[in-house]
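Only one chain is given next, in structure tokens, and it is the form predicted on its own.
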Amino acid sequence: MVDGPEREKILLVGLNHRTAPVEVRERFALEKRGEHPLARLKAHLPEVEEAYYLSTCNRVEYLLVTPERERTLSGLKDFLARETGLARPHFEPHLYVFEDLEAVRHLFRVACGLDSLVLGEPQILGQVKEAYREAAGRFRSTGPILNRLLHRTFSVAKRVRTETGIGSYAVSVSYAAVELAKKIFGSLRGKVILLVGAGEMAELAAQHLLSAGAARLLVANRTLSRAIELAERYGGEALSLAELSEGLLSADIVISSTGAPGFVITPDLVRPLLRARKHRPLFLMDIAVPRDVDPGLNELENVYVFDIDDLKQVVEENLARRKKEALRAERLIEEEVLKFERWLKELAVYPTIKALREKAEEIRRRELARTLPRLQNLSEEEREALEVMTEAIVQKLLHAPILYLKAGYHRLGREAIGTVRRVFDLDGELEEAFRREDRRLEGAPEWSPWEKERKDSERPR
């Protein structure tokens, strides 16, 4: 794990959109092809102490805690070969393997969206949380190390989102359209959306707009049945293209994506509507190629037209901003990796701290039990005061060695633990040595009568 007495290794084994083609990734999505892999993993890898499994459309990862690195890695590859039906040479070149702090760093980066296809995407954090819920709740395959690591991961992702702008800039065309609309209207609450045509990207933009507070959806399409189908899905109203003027009269935001060879929305169509609209702003997003909206509409007062190139430019600018924010996020992650390393090191110290406290408490109770019977006529309050006083003495005496363990371990490693265990005789070695020395000084044999009898019997006769 890290320098120190821990035996376990943290192993992260997986593949993603950068290392493996989709035909390999989909074979690794085992939970979609039958039983969840965590349900079978323990039987195949009994030495694994903790396990977690993440599967998204872009990645499949196993996070394991094991005292036997080589055996686990080889066993996992055999397991994957059997479950995916792919021979090891067909998937091994696509796998990445991270250990200990590299695994921690990778997990933090994944949860923050720094390893995603779309830099800074927020959905991955929800997927990591769901994977942890499955592992910890349904399969009970996590333990102290993964529980701590995953909870730390959620905190790191929250910190990165709060302290950087990694998720603040729209990097999809549909969401960039929403951001532009917000700049024009301030709030989208109560606005009316008109879809002209029923393309997939237009529908996606409409979903974003409705999520942002838009109140009503109108759908105008050359094929009325398609318009009715789409409108029903979102509780909207369908219009024929012949009713386009009526839709433009009501709409605040228009998203156009027809396959028409020429302009569908022109100044001649919109200009007569302006007075009736009382000059409310009209925002038109033209995501069709060839274009649906005549750019000459930009000349009209309170009419704003953006085409697909405008939106792509916004996306590229935002992506450049996210990359800049990603550098800040990487620095925060390095800080958090160091904190987790410190916790891992302290983990090795806790058994010694526990033994130290138990020994001190045993001595305190024993001596109190010897003393109290000699003190006659003590009231209940006086007995309680003695308990409190002896507990305080023990705590104050242990304060320095515990501090030495926690702080000294980072500099001295095992030596700090060994020193405290020897000085306080936590393993009973000194006590036994003194007992033998006392027996020797009193002229007693250095071994018990039973040992002497055994040694005598072993002598050649």
Partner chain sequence: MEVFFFRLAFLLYLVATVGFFIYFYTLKPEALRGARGVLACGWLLHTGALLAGLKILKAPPVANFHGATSFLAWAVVGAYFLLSWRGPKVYTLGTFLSPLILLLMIAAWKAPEALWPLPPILQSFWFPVHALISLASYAFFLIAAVAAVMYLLQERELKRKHLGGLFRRLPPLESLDRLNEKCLKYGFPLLTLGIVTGALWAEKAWGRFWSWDPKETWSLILWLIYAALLHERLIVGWRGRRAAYMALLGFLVWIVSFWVINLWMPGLHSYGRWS
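So that the term is clear: the rigid core is the largest set of C-alpha atoms that superpose within 1.5 Å between two forms. Numbering follows the first chain given and starts at 1. For clarity, every value in this text was computed on a predicted model and none was experimentally measured.
Below, we turn to the form predicted in complex with its partner chain, even though it does not appear here.
> Could you tell me which one of His279, Arg189, Arg138, Arg365 places a heavy atom within 4.5 Å of its partner chain in the model of the complex?
That would be His279.
> Ok, Val305, Leu119, Leu209, Leu95: which has a heavy atom sitting within 4.5 Å of its partner chain in the model of the complex?
Of the listed residues, the single hit is Val305.
> Taking its partner chain as it sits in the model of the complex, is Phe91 near enough to touch it, meaning that at least one heavy atom pair lies within 4.5 angstroms?
Although its partner chain is absent here, Phe91 would stay clear of it in the model of the complex, with no heavy atoms inside 4.5 Å.
> Find out whether any non-hydrogen atom of Lys183 is located within 4.5 angstroms of its partner chain in the model of the complex, and reply yes or no.
Lys183: yes, in contact with its partner chain in the model of the complex.
> Does the 4.5 Å heavy atom contact test between Arg233 and its partner chain in the model of the complex come out positive?
Although its partner chain is absent here, Arg233 would stay clear of it in the model of the complex, with no heavy atoms inside 4.5 Å.
> With the cut-off set at 4.5 Å between non-hydrogen atoms, does Glu301 touch its partner chain in the model of the complex?
Close contact exists here: in the model of the complex, Glu301 approaches its partner chain to within 4.5 Å, heavy atoms only.
> Which single stretch, out of 141-149, 238-246, 128-136, 167-175, brings residue heavy atoms within 4.5 Å of its partner chain in the model of the complex?
Looking at the partner contacts, the answer comes out as 167-175.
> Would its partner chain in the model of the complex be within 4.5 angstroms of a non-hydrogen atom of every residue among Arg275, Glu317 and Arg321?
Affirmative, all three are within 4.5 Å.
> Taking the rigid core as the superposition reference, indicate whether the CA of Lys324 shifts 2 angstroms or more between this form and the one not shown.
No, because once the rigid core is superposed, the C-alpha of Lys324 moves less than 2 Å between this form and the one not shown.
> Aligning on the rigid core, do we see the C-alpha of Gln313 shift 2 angstroms or more between this form and the one not shown?
No: Gln313 shifts by under 2 Å between this form and the one not shown.
> Relative to the superposed rigid core, does the CA atom of Pro89 travel 2 Å or more between this form and the one not shown?
Shift of 2 Å or more: no.
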